[in-house]
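A lone chain, given as structure tokens: the form predicted alone.
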Amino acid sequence: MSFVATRTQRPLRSDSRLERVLRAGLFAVTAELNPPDSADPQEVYDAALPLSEVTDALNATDASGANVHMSSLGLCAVLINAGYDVILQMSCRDRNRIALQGDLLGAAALGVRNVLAITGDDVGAGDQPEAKRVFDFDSMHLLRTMRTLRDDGVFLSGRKLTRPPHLFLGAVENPFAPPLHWRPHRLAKKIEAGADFIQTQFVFDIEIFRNFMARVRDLGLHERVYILAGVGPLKSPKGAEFMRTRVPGVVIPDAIVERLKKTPRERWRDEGMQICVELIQQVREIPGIAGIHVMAYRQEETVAEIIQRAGLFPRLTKPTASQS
């Protein structure tokens, strides 16, 4: 029988704050920081400030939704200079394998220690649908490429690196995309490709997520990868309807939408945050969950309040009894 190392038996990948928090068994908090439509680094500092003490690492999104903003690599460089631990999101949509490998080395040279591989939304979803698609790789190929550079110290061509990058590798998973029974097996493939940590799609349907995690535990995958559950606040009933009908893979139960509809308009923001807090408290009790990833487009102040209401501040929170 071949030996399969658990997540704590593997050598330290990058020594990033995120990796150290997870390996210590503490409940991690990451959050998306959406890049500005600006060349001014001060706008990055202003947006990141509310998240500085309530998160362990910030995701620098890579033209999410196929809409152009400051590059994820540029955003990371600005944040690293200010002392933040960052997660560089790399999309396969806009770059071929030559550019991706070069950017990985450049990112590591700038101080990036965490990288998240994503396939990327199609250009048809964005504001410049006439742009050319690349998709030389998908996220699985990109993960294998990252692992090859890090662990084998060579480019895909076989040419040797003089110094490999030290990277903590991440991928995304959507427990809510049909067929549901196949999702844990998809997760297993990403672990085999090199994923050290996973950030999931938004969790609004807690029962589907519990069933997903039960199967993940049956397969022993939670011992091989750190899983961070995706959460985020809903702004309004209309916003919830938009997300569940227009954003692929997002499942929001009728009960949550009805709860918002019954809430007076002036309390929508607070109720959306409260729903998010309650979901965080529920996912924390699911064995195998190592943290949360908060996605709130241009709502950094809201994220900070949610983290505090959920009892995750100050950071370095001990795991719950069920996770210890």
Partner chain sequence: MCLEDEVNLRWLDEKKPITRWLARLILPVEKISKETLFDCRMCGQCILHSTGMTCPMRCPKNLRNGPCGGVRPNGNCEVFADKPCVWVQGIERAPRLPLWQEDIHHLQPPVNWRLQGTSSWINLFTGRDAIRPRGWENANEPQTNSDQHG
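The shown structure was predicted, so the numbers you read here are calculated from the model rather than taken from an experiment. Numbering follows the first chain given and starts at 1.
Another form exists, predicted in complex with the partner chain; not displayed. Remarks below refer to it.
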property	result
V134, N174 and H181 all contacting the partner chain in the model of the complex, non-hydrogen atom within 4.5 Å	yes
is_contact(R97, the partner chain) in the model of the complex, heavy atom dist at most 4.5 Å	yes
Any non-hydrogen atom of N81 within 4.5 angstroms of the partner chain in the model of the complex	no
Contact flag, L169 vs the partner chain in the model of the complex, heavy atom cut 4.5 Å	no
Partner contact for L104 in the model of the complex: the partner chain, 4.5 angstroms, heavy atom	no
Partner-proximal stretch of 70 to 78, 83 to 91, 112 to 120, 228 to 236 relative to the partner chain in the model of the complex, 4.5 angstroms, heavy atom	112 to 120
Contacting member of I198, A240, A108, M140, with respect to the partner chain in the model of the complex [4.5 Å, heavy atom]	M140
The unique member of R309, R20, R315, R13 whose heavy atoms fall within 4.5 Å of the partner chain in the model of the complex	R13
In the model of the complex, residues of 155 to 175 near the partner chain [heavy atom within 4.5 Å]	F155, L156, S157, G158, K160, N174
